[in-house]
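There is one chain below, alone, in structure tokens, taken in the form predicted alone.
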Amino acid sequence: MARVVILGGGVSGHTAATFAAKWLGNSHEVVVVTPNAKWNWIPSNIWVGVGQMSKEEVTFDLDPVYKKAGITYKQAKAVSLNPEGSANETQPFVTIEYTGQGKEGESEEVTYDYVINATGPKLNFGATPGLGEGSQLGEHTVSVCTADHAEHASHKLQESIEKMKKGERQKFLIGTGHGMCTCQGAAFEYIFNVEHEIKKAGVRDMADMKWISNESFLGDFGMGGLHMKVGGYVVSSKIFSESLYAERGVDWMVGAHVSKVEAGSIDYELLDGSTGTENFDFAMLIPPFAGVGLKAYGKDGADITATIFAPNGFMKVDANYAAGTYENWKASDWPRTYQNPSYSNMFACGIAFAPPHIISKPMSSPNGTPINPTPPRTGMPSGIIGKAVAHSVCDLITKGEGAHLHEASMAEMGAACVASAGKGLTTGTAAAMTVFPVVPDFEKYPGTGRDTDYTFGEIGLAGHWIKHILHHLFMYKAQLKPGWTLVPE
């Protein structure tokens, strides 16, 4: 019997685990190690953050789902990997530390035949002074990165709305909290949902709203922007986004690195090297992401973390990390199988894999401060990659070490995104967009890097309903209800 250990139970890890358990059946063991007791459909956190959904509507308990699937569930965080075993243990193992199940603080060594790193990101609030401490949200701003954060944000938003109703003007600052953030999309959705709720409350005229982002232009989204078909015409995401911001009366500041956060104000640096201060009454700033800090050790106990992980803490896979400068970057640099080059029984998926480089053009201020989005690897790509990796591992177990590895390159993968711009039965809107491929391939698609026949976008009520339906579909799928495999990633 082989044992597959999956580190992380988010979108990618949960997808990998549930498919692996289905395909392997009772003949082999699937183990999930995650510090969380609940699964969270993160794309809907923005609705929790404006009071349009409850925390309970976007989460569910993992334990009964994993029992139903025959998955061994350990509520714990992975601390270190020993891919060669140790002097006392001949088989590879991962050291974990329990965070629940009545074993809080206890450590355990879990042996494995194959390991899938799907730990996701560390929310690196500590990278910006005042934004938070380490991975913990601070007191000056709010976040929608977790369901608990989003619930807290909703309460703070309501406080601001009540102040405006009493005649006290409020300044809203929403965007990214560091020069190397990703997930601009979540902040993009949140600012327009906040604007929508303020308008519904009848106090829009009492609110000043500003977007702040490390993107060099609106609509970059960490993908270098895109050209898409809108109403039969090909337009840039820059024009599409600027039109939306202007239409909603939202000011913007781009190419910005938030260097410090204090009560009611942030310090920033722009791409031109200038610095300044921006005041706020309510701020939601997405933190940068980093690897969770897994260590790795050789059989002799030597630290081999740098062999397995990139400096940012994400796991090295079959990517070209020696591509060099921006001019040399190619779509083929991106990984296909997500297998670690040093250990063939080790894979990574979702945010946990180290990209070969960013997608947007690298930029920095004259002071040497990097200010550019890091690559998005969430949502649909995470699910697709998680399933492909699980398929590879299952084939290696059932067909032998010579089995073909399944591929899911982001440079050959399309993705759909539905970005909410306000929730409501008849008043909701969302921008429904598709992009193909996620990583632009300028050799195959000269000029735009993407196939404009499959890259398009529309905004309206229909998009809102699509997002609402997708929420229920993915919550249904993740709970392994009848027919769950029919819902695509």
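From a predicted model like this one, the values you see are computed outputs, not experimental measurements. Start at 1 and count along the sequence shown; that's the residue number.
This protein has a second form, the form predicted together with a small molecule, left out of what is shown; the following refers to that one.
#### Entry: Any non-hydrogen atom of A17 within 4.5 angstroms of the small molecule in the predicted bound form
No, A17 sits far enough from the small molecule in the predicted bound form that none of its heavy atoms falls within 4.5 Å.
### Message
Can you work out whether V389 and the small molecule are in contact in the predicted bound form, taking contact to mean some heavy atom pair no more than 4.5 Å apart?
### Response
Close contact is absent here: in the predicted bound form, V389 is far from the small molecule, nothing within 4.5 Å, heavy atoms only.
### Partner contact for V235 in the predicted bound form: the small molecule, 4.5 angstroms, heavy atom
So V235 does not count as contacting the small molecule.
### Message
Would you classify M206 as touching the small molecule in the predicted bound form, given a 4.5 Å non-hydrogen atom cut-off?
### Response
Heavy-atom contact with the small molecule at 4.5 Å: absent for M206.
### Message
For the three residues E215, T374 and A430, which mark the spot I'm curious about, does each lie within 4.5 Å of the small molecule in the predicted bound form through at least one heavy atom?
### Response
The answer is no: none of the three residues contacts the partner (heavy atom, 4.5 Å cut-off).
### Message
Only one of P335, G120, G175, G179 gets a heavy atom within 4.5 Å of the small molecule in the predicted bound form. Which one?
### Response
Of the candidates P335, G120, G175, G179, G120 is the one lying within 4.5 Å of the small molecule in the predicted bound form.
### Task
Considering the small molecule in the predicted bound form, find the one stretch among 396-404, 165-173, 323-331, 286-294 with heavy atoms no farther than 4.5 Å from it.
Of the stretches listed, the one contacting the partner is 286-294.
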